[in-house]
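Read the single chain below, which is given as C-alpha cells and is the form predicted on its own.
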C-alpha cells in the first residue's frame, strides 16, 4: 500500500530520536534528567544558559522517573511539547532509569502534502 496514495493531503512528522548516556560536551537536542541523577534541573538550567542562552526550555515532570526534560526551543516550534515530550519519555524509560542524565539527538522531518483543486 503506497503511503502517498492513502493520504490526499495533511501533515505527518517523521521523528528519529537517538538516546545515549550524558557525556561532555553535554548538550544535544534534549536531556532527560533523572530524579536521582547527579545533577538536577536547576544545574541543567545553569548549564544550558551558559552554553546557549535562551535556546532551551526546561519542562518539569511529575510522576515520572525523570524530573525534567531540557529541550531545544526550535524543536518545540516544529512539534508541540505535548506531542514530542511523551515520545521522548517513552523511549527514555526503556533504556534508562531515574539515576541517569540521558541526552537525546532528535531529527525531525516534516512531510507536508496538499491537494489543490484545478
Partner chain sequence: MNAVINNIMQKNIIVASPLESVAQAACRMRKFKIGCLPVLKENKLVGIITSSDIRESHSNRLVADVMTRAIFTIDHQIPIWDAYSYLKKHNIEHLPVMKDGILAGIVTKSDLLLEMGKNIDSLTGLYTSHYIQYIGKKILREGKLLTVLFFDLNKFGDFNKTYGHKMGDKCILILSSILKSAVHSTDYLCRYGGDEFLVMTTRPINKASKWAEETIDKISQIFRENNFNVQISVGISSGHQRLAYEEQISAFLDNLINSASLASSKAKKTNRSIMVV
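For clarity, every value in this text was computed on a predicted model and none was experimentally measured. Numbering follows the first chain given and starts at 1.
This protein has a second form, the form predicted in complex with the partner chain, left out of what is shown; the following refers to that one.
Only one of 36, 83, 73, 93 lies close to the partner chain in the predicted bound form, with a heavy atom inside 4.5 Å, and it is 36. Interface residue among 43, 61, 79, 51 relative to the partner chain in the predicted bound form, by the heavy atom within 4.5 Å criterion: 43. At least one heavy atom of residue 67 is located within 4.5 Å of the partner chain in the predicted bound form. Along 77-110, not one residue places a heavy atom within 4.5 Å of the partner chain in the predicted bound form.
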